[in-house]
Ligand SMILES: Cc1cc2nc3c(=O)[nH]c(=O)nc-3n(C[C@H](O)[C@H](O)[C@H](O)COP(=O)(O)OP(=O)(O)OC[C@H]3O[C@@H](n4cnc5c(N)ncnc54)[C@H](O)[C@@H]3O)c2cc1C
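Heads up, the chain below is alone and in the form predicted on its own; it's given as structure tokens.
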């Protein structure tokens, strides 16, 4: 069992896991942890793991007020991404980083992040908080809020002694962080995620109608505007091309167009995918309560004034029955061209 030291200044350690080759998401998670650190005056360190060197990402992270920044290149990370691979790299990094009993280690609030911090907590004999938000520290340890019952309620979890490990959910609005007077100290490392068995992973086609929405990396969801089950059949075709799960709003579930097990919202499932494609969904607060604040929402709606566009990072004003078939055809054409080129 790796040793954990007990005499140290308390720190927050942000784990930046390059799951989707998305630099913006990594920078945003580092900012989330920095926001959490401000009230408790804790120093924030960051450990970033990528497949290839990314100097531009490192430069963006150095503009944040981090105490230290370690960028690790692990060229042998497998595809699809595996929590065990990231855990192997991070275990050695945290040992080198001299993990302390007063440290709080934060991964992004995703299925991958939650599994990684759980594995690390077991490795370092630490306290696993799971997927939480609103972390606080006091003389009795650390505490945080965790969503339960599909996000309809929260419970307060508490751990007297650390190190603590959590997948951090936030409601960050993008508040500006003061840039440091000098760039954060940067250290580059190379690491291997192995050894691992290449035959261990088998790729199988996803089934959008059966894939659980609460653990999917991409969710394609429809609402009342889909007008019928035929529209959801088309959404299922699109979801299959993105290895995504199929979701729906309460009106769509009530109409029988999508199973209740795939309902997203205050009275349904809470989801935190990287991308949430909302088609024909107006964007009521009850529905958006089921979507993580860290998720990127792409909205397709023929009503330019729909509330969903207020929270979407990408908004498309179009009729779904013309746009979705065109999008499916475009995806198929790109894949065909790529296959012919290889």
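None of the values given here were measured: they were computed from a predicted structure. Positions refer to the first chain, counted from 1. If you superpose the two forms and keep the largest set of C-alpha atoms that fall within 1.5 Å, you have the rigid core.
Here the subject shifts to the form predicted in complex with this ligand, a form of this protein not shown in this document.
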| field | Candidate site 133, 158 and 161: all three near this ligand in the model of the complex by heavy atom within 4.5 Å | value | no
| query | Which listed residue (113, 268, 231, 126) meets the criterion of a heavy atom within 4.5 Å of this ligand in the model of the complex? | reply | 268
| field | Residue (of 295, 54, 62, 302) lying close to this ligand in the model of the complex, criterion heavy atoms within 4.5 Å | value | 302
| query | Counting only non-hydrogen atoms and a 4.5 angstroms cut-off, does residue 328 reach this ligand in the model of the complex? | reply | no
| Any non-hydrogen atom of residue 194 within 4.5 angstroms of this ligand in the model of the complex | no
| is_contact(residue 21, this ligand) in the model of the complex, heavy atom dist at most 4.5 Å | no
| message | My question is simply whether residue 263 lines the interface with this ligand in the model of the complex - judged by any non-hydrogen atom within 4.5 Å. | response | yes
| query | For the chain seen here without its partner, which of 285-293, 62-70, 39-47, 22-30 has a heavy atom within 4.5 Å of this ligand in the model of the complex? | reply | 285-293
| field | Core-aligned C-alpha movement of residue 321 between this form and the one not shown, 2 Å or more | value | yes
| said: Tell me whether residue 232 is among the residues that move between this form and the one not shown (Cα shift of 2 angstroms or more, core superposed). | reply: yes
| Does superposing the core leave residue 31 with a CA shift of 2 Å or more between this form and the one not shown? | no
| query | If the CA atoms of residue 285 and residue 24 move by 3 Å or more in the model of the complex, do they move toward each other or away, so closer or farther than here? | reply | closer
